[in-house]
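Shown below, as structure tokens, is a lone chain in the form predicted on its own; questions about how it binds or moves come after it.
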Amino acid sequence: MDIFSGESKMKVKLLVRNPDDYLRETKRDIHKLPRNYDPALHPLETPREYTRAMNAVKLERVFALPFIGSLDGHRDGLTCLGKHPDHLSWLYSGACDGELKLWDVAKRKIVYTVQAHDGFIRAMAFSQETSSLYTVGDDKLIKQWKAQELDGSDLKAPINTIVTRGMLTGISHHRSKPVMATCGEACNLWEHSRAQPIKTFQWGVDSLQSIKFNQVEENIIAACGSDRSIILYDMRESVPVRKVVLKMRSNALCWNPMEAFIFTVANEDYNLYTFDMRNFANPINVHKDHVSAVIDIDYSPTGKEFVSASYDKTIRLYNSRQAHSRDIYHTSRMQRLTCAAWSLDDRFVYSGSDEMNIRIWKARAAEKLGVVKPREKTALRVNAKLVEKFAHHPAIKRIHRHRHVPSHVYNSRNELRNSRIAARRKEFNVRTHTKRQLPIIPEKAKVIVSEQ
């Protein structure tokens, strides 16, 4: 403001304050604090962040309580789990005695129970097109069940039954077409309206034990064979496309829901192998840490993580691009794992074991399940970023990675480590004392026996 009086001139500076910057809207709000983010005013920023990261990683381990509850009601061991694509809280489970149960996971109650098959229920798959559930069992039957009623009453009787020639061990449904694939003595393609397979694929294999449709490239099918092979089929072709034979048999297979060419198999040699179907010469990644055969695998809806169930009585959560698991879940009562599934909202993991229980776990062990306020959510995100920033510092890395494991897992892990070290030492000694040069085979390539 300029004030003129004759030739004199004076400047007056005014302070302008906006009450929104420093006043609370209501008495229940927290007081607003003015902050200057100039780095020159905060010379000890990194040490302070390190301390906050240390506190955050310690609190994460304090609040890491992954087990939520168990669903008890089966009278025999679990064989398979199925997730309803339209109802997040619905979970289907099949048992060794042929019993099919529908669970409301939110209430932890049985909605409906039906005797679906004589003998084992081997697998189940959903058709989003017809809102139907398909099951296969040891009685050589494919049964179609309606899955729409909220009380599960449409599970009273199957709406369609197909009698097959041989025993079936797996089933998978096409994402958009009325076509499903089954595996057993051969890979068969079926249409909803026909009682005979429309196409049969065979490639010199005694039997297949797991089959899955690709969810992105919808016409591609992958299956695990009893001769240690992994076979790729294209439903538009009349013969199988590719085949790779591993050193040991694969028990289960799962496609990455977000990446068209990537799938992971659970193997008998305690590892999981991630392949790119365009190149079977080497697996992309070898996921280690289990100490017994891996029985089942399922990807998260984001495709960034997957869960594996093993015969060593533990389930492990893996980042799809990392070789070692980020978490391990176990309880003293949980026995051999037979199946695992990742919920469609990416928050929970289900596991089924042969002591007749389904267990519900958090996908992230320290996650809060209740209502999270915006400030708390922001603080959790900041803490996660700080832990990520200092993840390679020894003290933080040790706390972040440490997990208590059962004694049998701990002892087996040490035995396996010693055997690997001995094999590596033997290979080094052979190379050192042999005149002719031996070919150097990468670790990832050692698992591949042949490719066709």
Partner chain sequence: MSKLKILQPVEDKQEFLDIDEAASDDGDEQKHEKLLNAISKLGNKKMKITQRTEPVSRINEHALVQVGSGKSKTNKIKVDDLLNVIAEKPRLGALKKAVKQAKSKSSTLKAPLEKPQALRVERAAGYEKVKDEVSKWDDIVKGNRVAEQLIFPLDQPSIKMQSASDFTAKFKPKTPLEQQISELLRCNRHVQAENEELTPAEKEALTSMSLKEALARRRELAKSRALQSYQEAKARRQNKIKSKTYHRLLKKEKMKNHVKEFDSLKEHDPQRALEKLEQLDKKRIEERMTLKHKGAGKWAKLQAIRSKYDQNARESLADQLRLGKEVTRKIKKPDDESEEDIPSVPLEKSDNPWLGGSLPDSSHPTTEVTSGYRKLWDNVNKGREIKKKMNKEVKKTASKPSKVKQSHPTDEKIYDSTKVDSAENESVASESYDVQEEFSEELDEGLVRKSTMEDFQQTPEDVEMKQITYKKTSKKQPTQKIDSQVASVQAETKIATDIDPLKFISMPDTVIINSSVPVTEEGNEEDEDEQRRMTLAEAFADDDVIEQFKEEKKQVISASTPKDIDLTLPGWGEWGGSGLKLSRRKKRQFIIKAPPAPKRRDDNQGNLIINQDKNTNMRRQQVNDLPFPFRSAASFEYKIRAPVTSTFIPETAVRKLAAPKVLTKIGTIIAPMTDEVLISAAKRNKETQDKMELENRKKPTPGKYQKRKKSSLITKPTKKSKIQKNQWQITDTPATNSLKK
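Worth saying up front: this structure is predicted, and the values here are computed from it rather than measured. Positions refer to the first chain, counted from 1. Between two forms, the rigid core is defined as the largest C-alpha subset superposing within 1.5 Å.
The same protein has a further form, the form predicted together with the partner chain, not shown here; the description that follows concerns it.
Contact with the partner chain in the predicted complex, judged as any non-hydrogen atom within 4.5 angstroms, is confined among 420 to 428, 35 to 43, 55 to 63, 399 to 407 to 35 to 43. Distance criterion of 4.5 Å from any heavy atom to the partner chain in the predicted complex singles out 258 from the list 258, 360, 356, 114. Residue in contact with the partner chain in the predicted complex (any heavy atom within 4.5 Å), chosen from 106, 239, 159, 195: 239. In the predicted complex, residue 72 stays away from the partner chain, with no heavy atom inside 4.5 Å. In the predicted complex, the partner chain sits within 4.5 Å of a heavy atom of residue 86. Taking non-hydrogen atoms only, residue 234 approaches the partner chain to within 4.5 angstroms in the predicted complex. Of the heavy atoms in residue 376, none are within 4.5 Å of the partner chain in the predicted complex. If you take 142 to 175 and check each residue for a heavy atom within 4.5 Å of the partner chain in the predicted complex, you get just 175. Superposed on the core, the two forms differ at residue 32: its CA moves 2 Å or more between the shown form and the other one.
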